[in-house]
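Take a look at this one chain, the form predicted on its own, written out in structure tokens.
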């Protein structure tokens, strides 16, 4: 992977915020670089900073200090300033896919990328992940596994350079979760993939593991 293009890089990233009367430091000086075609897992207990790191890597949260570079461009301008860049280059998949209830699966996938190229990609991806017959259904008619695949379809619709997945298999049975992760890996060959997971049985699908504890990188 060392000769591949670096897609996302965190340099000394820290994140602190107020939670009521508490001051929370979610991340401490995180360094991470992920190359195109590389799959990295974030592991650690609840509250270790996995989700916070994903949000910072994707430009959804601005780090308190440090820098995040997506394809060499800084994302520290904040969510509004980087919205167009995220839509073009980043795909997000979360534990709950947050599908728009009044849109079909197809419309959810194409909401931010309404192009002919994206439409063709969605049609092909839907076949490959087994939900082509559900493209015109609305989310309330889908099972949990089908909704997660619909979320995967939306995450991949733009052909992103970076895919961020936050506990994408946590609410699924093992077989369905494995299928979602395998689909992620198969369709992320030309992207960088960072996935946060508690399921250690999924780690054979990644190239590298970053362990977090109390917002810090830990050895091992």
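Positions refer to the first chain, counted from 1. Here the structure is a predicted model, which means the values were calculated and not measured.
The next section is about a form of this same protein that is not shown, the form predicted in complex with a small molecule.
**Prompt:** What is the one choice in 163, 26, 68, 41 with a heavy atom within 4.5 Å of the small molecule in the predicted complex?
**Reply:** It is 26 that has a heavy atom within 4.5 Å of the partner.
**Request:** Name the residue from 63, 58, 151, 49 that puts a heavy atom within 4.5 Å of the small molecule in the predicted complex.
**Result:** The residue in contact is 49.
**Prompt:** Is there a heavy atom of residue 37 no more than 4.5 Å from a heavy atom of the small molecule in the predicted complex?
**Reply:** Looking in the predicted complex, residue contacts with the small molecule do not include residue 37, since no heavy atom lies within 4.5 Å.
**Prompt:** Given that the partner is absent here, does residue 19 sit within 4.5 Å of the small molecule in the predicted complex, heavy atoms only?
**Reply:** Contact with the small molecule, yes.
**Asked** Can residue 159 be called a contact residue for the small molecule in the predicted complex at 4.5 Å between heavy atoms?
**Response** Result no; residue 159 lies far from the small molecule in the predicted complex.
**Request:** Specify the contacting stretch among 168-176, 41-49, 183-191, 28-36, defined as having any heavy atom within 4.5 Å of the small molecule in the predicted complex.
**Result:** Of the options given, it is 41-49.
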